[in-house]
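Below you will find one chain, with nothing else, as structure tokens; this is the form predicted on its own, and questions on how it binds or moves follow later.
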Amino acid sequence: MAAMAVESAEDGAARTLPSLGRLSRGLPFGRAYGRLGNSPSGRLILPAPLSQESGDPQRTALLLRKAWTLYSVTPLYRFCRGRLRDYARLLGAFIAAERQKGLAVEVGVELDIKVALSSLPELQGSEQDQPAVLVQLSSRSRASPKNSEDKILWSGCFCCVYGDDLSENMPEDFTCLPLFLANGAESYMSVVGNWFQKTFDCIFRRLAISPFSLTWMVAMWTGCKVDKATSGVELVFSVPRLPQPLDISYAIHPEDAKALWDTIQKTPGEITQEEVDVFMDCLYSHFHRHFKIHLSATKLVKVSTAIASAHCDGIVKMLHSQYLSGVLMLLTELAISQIQ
């Protein structure tokens, strides 16, 4: 069996893109700037919120309120969108073969696993982006009635939202879908990732989120307008160098957080590094005033808002359909940065 496709960030650091040897025009990456504060001006232009009428809301709803594990994916070699049904059949045969070898994917239950691959054009950020590709594994127990609905065991989604710089420089034989979201048992991810690596000469790596990126996310999401904020803004910090793990949870009323951000942001629809820094400094100062604790000496590990939540381990939960494109834009940027 080929080497496992899914790598940790540490294990994958030394790996190189296998397909590079085929690229006569050199490395297909190289961005003039990054979105998360890495441009010369540290400026992020926010995408317009999705219209409620754009696309099929039921298609994008399947991404909401689920914990997604993030991966970066190198470009897929000779991936043909017109062959999604063929790929589903081949992946299904591969999963069946792995089960025959004794690699359990569902312990203690006899299941007939079905594989479906479908296109999600609703998740395109721009015309240059490739439409997202949804991978779903479903099953029906052999003891279930024939008319019962299949149960979704595992879902994965390849996407590229506002990855224009990478897409424009991509050679013809390569498909750029640098961000992969997975929901379900890791055993399924291992088998699916292995098949994609063998078939399209790509590499999956776990995608972590740095504290720096988390600050941009909480600032961006705090500034989003929602009809009714169902949850507050929460930041979780980990205290380093202690015998026992200790986390500090900092909850802020959503209206207070939004009011603070509105006094800091100079241009609507645009965020700068300076504004993010000021926003976080204000939150830190307020916390220190009440609890005499310097949060700047801790590590930010999780942020939660009414728009989405994100953990430094690369676990994201998206909560608001109108701002899916903005969340996926930031995650696409992180995935591209890791590939580079």
Partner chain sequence: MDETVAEYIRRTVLKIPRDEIKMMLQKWDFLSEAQLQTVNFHQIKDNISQEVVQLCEENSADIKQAAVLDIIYNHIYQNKRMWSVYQMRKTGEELEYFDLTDFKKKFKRRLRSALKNVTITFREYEDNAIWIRVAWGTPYRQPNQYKPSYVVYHSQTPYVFISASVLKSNLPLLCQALIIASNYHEIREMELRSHSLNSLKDIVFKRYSQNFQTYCPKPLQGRTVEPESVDLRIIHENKSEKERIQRLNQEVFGNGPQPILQFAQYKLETMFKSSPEMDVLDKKEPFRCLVKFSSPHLLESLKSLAPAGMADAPLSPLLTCITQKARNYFRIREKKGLFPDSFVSP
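This structure is a prediction, so every number in the text was calculated from the model and none was measured. Numbering follows the first chain given and starts at 1.
What comes next is about the form predicted together with its partner chain, which does not appear here.
Quick one: does residue 64 come within 4.5 Å of its partner chain in the model of the complex, counting heavy atoms only?
Although its partner chain is absent here, residue 64 would stay clear of it in the model of the complex, with no heavy atoms inside 4.5 Å.
Answer with yes or no whether residue 82 is in contact with its partner chain in the model of the complex, where contact means some heavy atom within 4.5 Å.
Contact with its partner chain, no.
Is there any non-hydrogen atom of residue 249 lying within 4.5 Å of its partner chain in the model of the complex?
Yes, residue 249 lies within 4.5 Å of its partner chain in the model of the complex.
Against its partner chain in the model of the complex, would residue 151 count as a contact residue? Criterion: heavy atoms within 4.5 Å.
Outside the cut-off, so no.
Pick from 164-172, 183-191, 69-77, 236-244: which stretch has a heavy atom within 4.5 Å of its partner chain in the model of the complex?
Partner-contacting stretch among the options: 236-244.
Just give me the single entry in 283, 271, 300, 308 that has a non-hydrogen atom within 4.5 angstroms of its partner chain in the model of the complex.
It is 283.
Can you list, in sequence order, the residues from 284-309 that come within 4.5 Å of its partner chain in the model of the complex, counting heavy atoms only?
Read in sequence order, the residues that approach its partner chain (within 4.5 Å, in the model of the complex) are 286, 287, 288, 289, 290, 291, 292, 293, 294, 297, 298.
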